[in-house]
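One chain follows as C-alpha cells, the form predicted alone.
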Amino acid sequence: MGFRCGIVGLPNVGKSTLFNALTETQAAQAANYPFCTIEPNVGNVGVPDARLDTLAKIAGSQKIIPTQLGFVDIAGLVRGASKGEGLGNQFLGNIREVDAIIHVLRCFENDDIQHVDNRVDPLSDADTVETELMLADLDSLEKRVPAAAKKATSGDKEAKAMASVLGQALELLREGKPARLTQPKDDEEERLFRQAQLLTAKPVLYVCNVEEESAASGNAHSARVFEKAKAEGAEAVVVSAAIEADLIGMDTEERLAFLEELGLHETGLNRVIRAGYDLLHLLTFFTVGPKEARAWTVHQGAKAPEAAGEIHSDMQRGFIRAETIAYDDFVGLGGEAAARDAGKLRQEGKEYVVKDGDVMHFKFNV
C-alpha cells in the first residue's frame, strides 16, 4: 500500500528542493520564484529498512523489493487560495487526493532567497496555509451540512449521521480549529467523515527546513514549530533540504561519511519516513523466499486477510490462513526452516492482527 504524502507550503520555502532530494530526481524544477511548480510532481521511493536486507541475506533472495512511499510536490499556496487566488483551486484539489500533508516551513535565514512576505516566520507561514485549507473546508461544509440535515428529516439514517459528524466539523472550523479534531461517535460516522475528504482532516507532518549548520539539532525557528506540533498532536522533523540535495548521486559510503562529518546519523528521508509512519499509524510486514524478499505496508490493527490483500485481491478473497514468523525469531534462528523446527512458525487465521516485522506466507483458495 505505502502511503502518499502531499508536500505543501508557501512559495520558496524549499518544497521542490526537498522533493527532488527525497525522490533523488530532478523532476521538480526548483527555482527562486513563486509558482515554479504548476503541475504536481509525483515521485515514489523505496522505504529504506535494514530488516529487509537482513531477511534477504538469510533467505538468499535474488531480489530485494522495498515498500513504496509516494510524494506529491504541490505548488506553493498563497493567501486567497481558497477563493482561487494564485493557482489555488487546482492545488487544493491535489491536496484532497493525498493521505497526509507534509507541511514544509522555512526555518532558515537567507537574503538571496525571496520570501513572499519578506520575513522568516514559520508559525505565520503555517497559519497562512492552514487558514486557506480551513476556509476551503468551511465553504464546502456550509453547503453540505444543511443539505444533509434537510435530508435527515425524512428519516434517512445516513444523512442523519452525515449531518451529525460534518456538523461537528463545521463548528470546529467556525471556531478556527481544523476538522481533524472531529470525534466521530461510531464506525458509520467515521466512514462518512473520511469520505468527506476534508483538507484539514488530514494528518500533518511539519518539516522544518533549516540551514546546514542546524541540521543536527535545529534552531530557534524549528523549536517554535516543534512546540506548535506538540500542542496539535502533530509530528515535526528537522531537515536541511540543501544537505539532502547534496546527497544525490553519492554512494552509500560517501553518504555516511558526509553525514557523519555534519553530525548526522541518517538522511532526512529516513526521518520523514519514520515520522510519516507514526503519523499514519502504519507498520511493515515481509514476504521472504529465494526469488525475492519484499516489504509491504498496512495500517496498524490490520488483520491477516487485509495484509494478504495488499499482495493480491484474490489472496484476501480466498484467504485460508497465514504462516507467520516474528522477525526476531526468523533472524535469531536463521530462517524459515529453523523457525518451523523450533515451533516459532504459527498458523494464524482471519482474526490475527498483523504485527510490525511479521514474516508471512499466505494460504488461499479462489
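Every value quoted in this text rests on a predicted model; they were computed, and no experiment measured them. Note that residue numbering begins at 1 and tracks the sequence as displayed.
Keep in mind that the form predicted together with a small molecule is not shown, yet the notes after this line are about it.
- The small molecule is not shown here, and in the predicted bound form it never comes within 4.5 Å of any heavy atom of residue 120.
- At least one heavy atom of residue 12 is located within 4.5 Å of the small molecule in the predicted bound form.
- When contacts are judged by a 4.5 Å heavy atom cut-off, residue 210 counts as touching the small molecule in the predicted bound form.
- Under a 4.5 angstroms non-hydrogen atom cutoff, the small molecule in the predicted bound form lacks residue 285 among its neighbouring residues.
- The contact residue chosen from 108, 206, 193, 296 relative to the small molecule in the predicted bound form is 108, the criterion being a non-hydrogen atom within 4.5 angstroms.
- Listed residues 242, 138, 262, 280 were compared with the small molecule in the predicted bound form; 242 is the one with a heavy atom within 4.5 Å.
- Exactly one of the stretches 152-160, 92-100, 246-254, 233-241 approaches the small molecule in the predicted bound form with heavy atoms within 4.5 Å, and it is 233-241.
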